[in-house]
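Only one chain is included here, represented as structure tokens and corresponding to the form predicted on its own.
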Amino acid sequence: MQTEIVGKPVPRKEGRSKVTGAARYVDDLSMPGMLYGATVRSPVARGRIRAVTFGEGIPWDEFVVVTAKDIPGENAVALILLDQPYLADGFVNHAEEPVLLLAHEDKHLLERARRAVTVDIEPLPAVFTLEESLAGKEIVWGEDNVFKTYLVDKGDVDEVWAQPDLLIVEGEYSTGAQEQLYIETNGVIAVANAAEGVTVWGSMQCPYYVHKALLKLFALPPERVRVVQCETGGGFGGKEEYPSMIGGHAALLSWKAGGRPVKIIYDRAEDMVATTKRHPSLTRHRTAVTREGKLVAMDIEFVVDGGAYATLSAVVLSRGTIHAAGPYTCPNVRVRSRAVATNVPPHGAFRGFGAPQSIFALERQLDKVAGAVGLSPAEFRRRNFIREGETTATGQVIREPVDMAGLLDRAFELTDYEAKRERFARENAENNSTQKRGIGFASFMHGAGFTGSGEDYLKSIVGAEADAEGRVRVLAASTEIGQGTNTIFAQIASNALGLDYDLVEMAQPDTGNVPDSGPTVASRTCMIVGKLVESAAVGLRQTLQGAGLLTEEYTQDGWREACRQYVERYGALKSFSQYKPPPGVHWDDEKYQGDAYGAYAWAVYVAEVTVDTLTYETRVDDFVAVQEVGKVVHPILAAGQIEGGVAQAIGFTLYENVVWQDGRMINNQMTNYVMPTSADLPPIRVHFEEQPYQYGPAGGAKGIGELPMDGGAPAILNAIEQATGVRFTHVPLMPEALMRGLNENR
């Protein structure tokens, strides 16, 4: 029997096909009679559509043209709220909103035609920032521009402020939008007609999200809609909900074209200008602390800019809200949060999902609080770290061993933090060099899986099947988007059955063939779905043993023979597993209290920076990431997740600035939307501590994918503050803002 597969850097399941070029992405696919599709979009942010004009010189009779009137079902993308139309019908609420669709077999003529369509819109007053939305001078959604609100309330915050001998510290922090910038842009192919139904192939994270959306769009039963994930070149959340939009568009064109296949592939400019980004945020903190440095109260207001439609803002807001108080124990916590509407393209999922925004604010605020009470940032946190048996802001009792102080010690040991902090402070004061150095850290946690009752609501299912030769195939809708899903699932199944890794393969995520294992989001793939993979695999073994074909101890040859006999006697050998919450997990959706997540990953990140006070550039010189993530399934993939997340966090902090003009991103090219290259990144040193989670797969794995996005921004800005003596409270911190801050300080 195969042993020791977990924790080993086995070859990636799809690695060979990718490096040899054999992997086929959606734009590599072609079908007989295929048309190309394009989207005509609104040129303004808000207004009433007066007319659509088709210009001269184009053979319009050769084109398939789809408007809102051609939609056979409901003109709304099914997600959480049904507020976002597939095609604008009378009004537009953001620049680049889809108005009509075109298709033609000549992609070059198609582009000429798209440019020849004029959408005449009577402009209406628009709202472009969350501050304008909160002010309420113009109502652009509902009665008050508010998509969703939450309240987390622990203890009695209002009773605290009048207590004597407490220090009260206030702060305000903001974060900007960020583009996911996956390597492969959005793309789909659709075949749709009344006789055969709808099939969509595409680059996506969540096939069943697209399936759900197409059901409403075409008013069809589930068995007549099929969604297939192709090889996908990255997602980071940007392909969570948006494929429902582009998939619907291609299917609508195919439907009107009598079932001819339609391919839509966005170029980079369209992908950046029209699709979702990270939610900008504004956070206000009011913190009460004793003079000995113990937290007494945290009053937090957290607001995110949802854009023109609700999309995923409610659940992004939820995660940001719950993480806003961090890995600290505090008897009185209140978090009031809102997602508000503006007239920019809807913001959506992005790695971290609201937590990077609220954690940035918290970790900057706590450095400020530490200074107010005369403690070092490290000592202040040591006095307030949450421990096993204590409660989070939602009242969740931490039942797992947690050692934040130990993670802090390990991170400081790896970076020589204390000595460098002292040395940098001395050197910055003593010399007149324009190169100022600093070191800072952030301590944080990230919950794995859907928040609260989300996993129970999903009731995800995973299957496993074995053929007559003993090969095992995992049946799940969870997608490989570069992070290693295929590999870790195969490791988990192989480990559960004691079989060679090469005997396990993954079924292509296809709603016609695999059950709904839920979306590939929320750091849930390994911990939640991986556990179902393990259970389904164990179910195969139990089925064979129950049939008297397999003993408790067996060899690989014995497994093969048992499978052969079972298939000959009984037919298909399959096992399915459905999610059940761990015992003792309780969540109250109304009060927003209880066990927000089954488990958390815990981390301390340390950043070392050099700030050039002549050119106003900041360089990250070294970065150490220490995290406890349960059991590490694949050390190279796990380290890669951390390295990639830290790189994105560095971009979020110092480089990636979305420039808006009248509600439209105007730097929607890779020449003027600046992201860090490999030359801009420091050594990223990754270290894992393992504290297995009782209900995790493969000996106790927890979620990992989103965690590294959370700690980079506050660690870097805390380091910049040490280097410059200036408190910066927003990201991205561009050179212009650094220049203004330093000049004002002088």
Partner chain sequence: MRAYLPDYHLRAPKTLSDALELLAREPGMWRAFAGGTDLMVLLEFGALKHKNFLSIRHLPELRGIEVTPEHVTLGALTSYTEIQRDADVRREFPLLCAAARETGGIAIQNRGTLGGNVVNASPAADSPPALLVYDAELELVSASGTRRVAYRDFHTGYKQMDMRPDELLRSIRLPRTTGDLHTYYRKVGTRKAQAISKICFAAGARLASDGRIRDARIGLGSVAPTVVRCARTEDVLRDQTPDEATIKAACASLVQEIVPIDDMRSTAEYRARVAANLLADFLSTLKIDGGKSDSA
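Numbering follows the first chain given and starts at 1. Note that this is a predicted model, so its numbers are computed, not measured.
The same protein has a further form, the form predicted in complex with its partner chain, not shown here; the description that follows concerns it.
For Q669, a non-hydrogen atom is located within 4.5 Å of its partner chain in the model of the complex, even though that partner is not displayed.
Residue contact with its partner chain in the model of the complex: D409 places no heavy atom within 4.5 Å of it. In the model of the complex, none of the heavy atoms of Q565 sits within 4.5 Å of a heavy atom of its partner chain. Proximity of D267 to its partner chain in the model of the complex: non-hydrogen atoms within 4.5 Å are present. Relative to its partner chain in the model of the complex, residues R114, L614 and T677 are all within 4.5 Å by at least one heavy atom.
Proximity to its partner chain in the model of the complex, taken as a non-hydrogen atom within 4.5 angstroms, holds for one residue of Y554, Y208, Y673, F385, which is Y673. When its partner chain is considered in the model of the complex, only one residue from L109, A126, V146, L375 comes within 4.5 Å through any heavy atom, namely L109. Residue heavy atoms within 4.5 Å of its partner chain in the model of the complex occur in exactly one stretch of 231-239, 517-525, 278-286, 650-658, and that stretch is 650-658.
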